[in-house]
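One chain comes next, on its own, written as C-alpha cells: the form predicted alone.
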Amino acid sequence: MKKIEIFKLTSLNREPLLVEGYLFEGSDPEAPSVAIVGAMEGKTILPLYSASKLIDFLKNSISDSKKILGNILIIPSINHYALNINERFWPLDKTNLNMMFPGYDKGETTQRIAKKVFDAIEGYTHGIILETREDLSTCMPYVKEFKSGFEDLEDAKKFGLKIIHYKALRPTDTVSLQYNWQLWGTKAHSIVCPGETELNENSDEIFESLVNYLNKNNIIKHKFLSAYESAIITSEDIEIIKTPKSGIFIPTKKIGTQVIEDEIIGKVLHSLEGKVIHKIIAPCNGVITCSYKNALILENAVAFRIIKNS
C-alpha cells in the first residue's frame, strides 16, 4: 500500500488541509482498476467509516497480495474541515463539493479541490462515490444511477444492495462527480448511505457491498455471501407520504419494514401539548425505504417514502 498526496491546501488560521489517497497496486496489469471516493460531506460518518474499513481490510485481511488483481485507490475523506465541525458542506462558503466537478484550477476553492481530486481519479475503469441524501431523511443504502446514457445497471447490481434507484438526470446533476466521471469513460456509481452519525450492527453493509463489487469485477479475489439480487426502482415505483401538520415526529415503523395499506406508520404530536394531531397512514402495500430523520417535522415535509408492491 502506498499513501499518496491528492492535494494540500494551506490555511491562515489552522493546519493545512491535507487530503491523501491509499493506493493498492494490483498484481495483474490487465485487470480492471477502481477509485473510491469517501466523505465529501461532514454531517454523516458512514462514507468515511466504510472507506476506512475497506483500507484496513485490503491492508490486513487479504494476506496474499496476489489476491489484489487491479489497482485500487481509496480517498476516505476530502472535506476534513466539515467533518471536524459537523458541517455538511464546505464550511467557508457552504458550497457542495459534489456540485463542482470536473473542477477548475483557477476557480473558487471548492472548484480547485474538485479539479485536484478529478485529476487523481481520472482514468480508472471503475469508480465509486459514497454519499448521503440531499434532504433531511435517512434511508436504506442504495445505488444511485442517472438516466444519462452512460449508466450500466448490470454493473450496479454487483454491489448486491437491495435497491438501485434509476432516476432522471437533472441539470444540476451534470456537475456531480458521478456524471463527469462517466463522461470521461469511467464506469462510475454512487452509493447513497443512510444519514446516520452513529454506527450500529448494520453499519458494515456498505463496506460489504464494496467487497462484493470488487470481487465480481475481478479486481480482488475474496467472496462474501452477504449480497442481494438488486431491484431497479424508478420514481414511478415510489410513494411519497407528506404530513399536513408540523410538530414532533415519531415513526412507528422502521426503514426496511414491509407495511400494508391503511397501516399506521407514524404520528405527529403537538409540540407544546403532546397530544397526537396526525396519524400517518400507509397509502399502499410496500417497503419503507426512507424516513424523515429529525424529531421536529414541518408542515408538508416528506415523512416517508415507500416502494410500492406491484
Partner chain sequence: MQIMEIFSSKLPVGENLVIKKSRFEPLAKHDGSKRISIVSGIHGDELEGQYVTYLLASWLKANPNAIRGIIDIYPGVNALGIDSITRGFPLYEVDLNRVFPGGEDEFLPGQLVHALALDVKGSDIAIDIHSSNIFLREIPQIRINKEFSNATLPLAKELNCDFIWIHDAVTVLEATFSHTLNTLGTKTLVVEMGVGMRLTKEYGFQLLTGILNLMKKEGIIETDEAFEVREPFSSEVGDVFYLNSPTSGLFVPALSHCDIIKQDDKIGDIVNPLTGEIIETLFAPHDGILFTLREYPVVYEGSLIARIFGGSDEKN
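Being a predicted model, the structure only gives us computed values, none of them experimental. Residue numbers count along the first chain shown, from 1.
Quick note: we don't show the form predicted in complex with the partner chain, though the next part is all about it.
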Evaluate residue 23 for contact with the partner chain in the predicted bound form, applying a 4.5 angstroms cut-off between non-hydrogen atoms, and reply yes or no. no
Determine whether any heavy atom of residue 246 comes within 4.5 Å of a heavy atom of the partner chain in the predicted bound form, and answer yes or no. yes
Is there a heavy atom of residue 9 no more than 4.5 Å from a heavy atom of the partner chain in the predicted bound form? yes
Although the partner isn't part of this model, could you tell me whether residue 18 comes within 4.5 Å of the partner chain in the predicted bound form, counting any heavy atom of the residue? no
Taking 4.5 Å between heavy atoms as the contact cutoff, choose which of 175, 83, 75, 164 touches the partner chain in the predicted bound form. 175
Interface residue in the predicted bound form among 89, 124, 118, 146, criterion: non-hydrogen atom within 4.5 angstroms of the partner chain: 89
For this chain shown on its own, do 49, 61 and 283 all sit within 4.5 Å of the partner chain in the predicted bound form, going by heavy atoms? no
Listed range touching the partner chain, judged in the predicted bound form by heavy atoms within 4.5 Å, from 210 to 218, 228 to 236, 154 to 162, 105 to 113: 105 to 113
Near the partner chain in the predicted bound form, with a heavy atom at 4.5 Å or closer, the residues from 280 to 303 are 292, 294, 296, 297, 298, 299, 300
